[in-house]
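One chain is shown next in structure tokens, namely the form predicted on its own.
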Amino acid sequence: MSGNDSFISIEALSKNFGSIKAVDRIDMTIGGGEFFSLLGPSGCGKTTLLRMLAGFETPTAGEIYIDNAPMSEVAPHHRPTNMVFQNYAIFPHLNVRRNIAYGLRALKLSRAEIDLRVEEMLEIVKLPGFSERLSNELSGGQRQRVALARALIRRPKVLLLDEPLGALDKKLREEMQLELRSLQQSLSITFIFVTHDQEEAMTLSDRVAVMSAGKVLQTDTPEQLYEAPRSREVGAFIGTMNFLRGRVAALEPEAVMVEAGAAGTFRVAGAGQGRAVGDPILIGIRPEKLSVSVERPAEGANAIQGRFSAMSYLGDRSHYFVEVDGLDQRISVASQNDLQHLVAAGQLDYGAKIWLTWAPAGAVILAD
């Protein structure tokens, strides 16, 4: 985290709608100047949490502190926050200048000060010269910039963004992701971003909180969430992951031997604290951690033999799918076209036996 590591502190926060627990006793800290994302599927509670930060929803229990001040008795318009909505909420009857300046009306600023701030915001969001245009004369990306400028012109300490890129097409969305990240870094204020798009969260964020059913499953950097998920749910939601169930066959000082039935016995790097021989265990392996070969690997290597069942050619890489006896799901492998030439030459048919290997550090032990 950057700046004040606990600039925002969320303590035992809950929100119930009747019998439904939309947010369930969440504890979290967010640093000053941090780009922080709330990631999860629809209905997981991320937007409800954002709306409680904004003051639009009242918590059932718990407290939110911003810059050490409790927010429970602070009205939305008095909080050091502002919010950008998914639909932008641009006023169609107002031009760009008046849309951006709308939030300044309560501050009783002079016309000269308002004009100065609007021009400053137009420069920041890369819309100089657009002040007289109406909303129907703007593209989706330009409307999004106007919404950002209107939210930032009051100089909030925290900007809350509720899936603000969701209405954009893929190419423009990717462009705006880079612009949004650049904008946040130049302003050095805290951004809290809600999204269901894992790639978007990984691209933009310093840290990400993965949510499900009103709870936070894991909060970490994008790299840690991908490389070291703590649970099956996080591993499956962030990217693609293969799962193998087994039992602890042996405990070594820096590794666990896992016996997975017909799939074989494997060495997984990591300490086995709290585990004993015979305990059930779940391991996860990312597709790119696997190597694929038609040759039998060296003795003692982590290896699974399976049947080549499908392939997707993606240009710079291929995805291979392998059926393994004893596993109810195919294993996915991502590699730099290792077998593409064999498939193209007709030397590797679907159903043929192939081998998958991986390093002990290529798998992670997961909570089930």
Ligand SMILES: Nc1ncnc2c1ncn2[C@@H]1O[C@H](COP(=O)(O)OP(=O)(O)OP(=O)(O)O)[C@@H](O)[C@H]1O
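Just so it is clear, the model here is predicted, and its values are computed rather than measured. Start at 1 with the first residue shown and count on from there.
Omitted from view is the form predicted together with the ligand, to which the following refers.
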- Contact between S37 and the ligand in the predicted complex at 4.5 Å, heavy atoms? no
- State yes or no: in the predicted complex, is some non-hydrogen atom of I20 no more than 4.5 angstroms from a non-hydrogen atom of the ligand? yes
- Task: Would you please decide whether R133 lies within 4.5 angstroms of the ligand in the predicted complex, comparing each non-hydrogen atom pair?
- Result: no
- Is there a heavy atom of G306 no more than 4.5 Å from a heavy atom of the ligand in the predicted complex? no
- Query: Among 66 to 74, 315 to 323, 296 to 304, 41 to 49, which stretch has residues with heavy atoms no more than 4.5 Å from the ligand in the predicted complex?
  - Reply: 41 to 49
- Note on the structure: Note: exactly one of N95, Q198, Q177, Q86 sits with a heavy atom within 4.5 Å of the ligand in the predicted complex, namely Q86
- Contact with the ligand in the predicted complex, heavy atom within 4.5 Å, among E259, D206, E233, E163 goes to E163
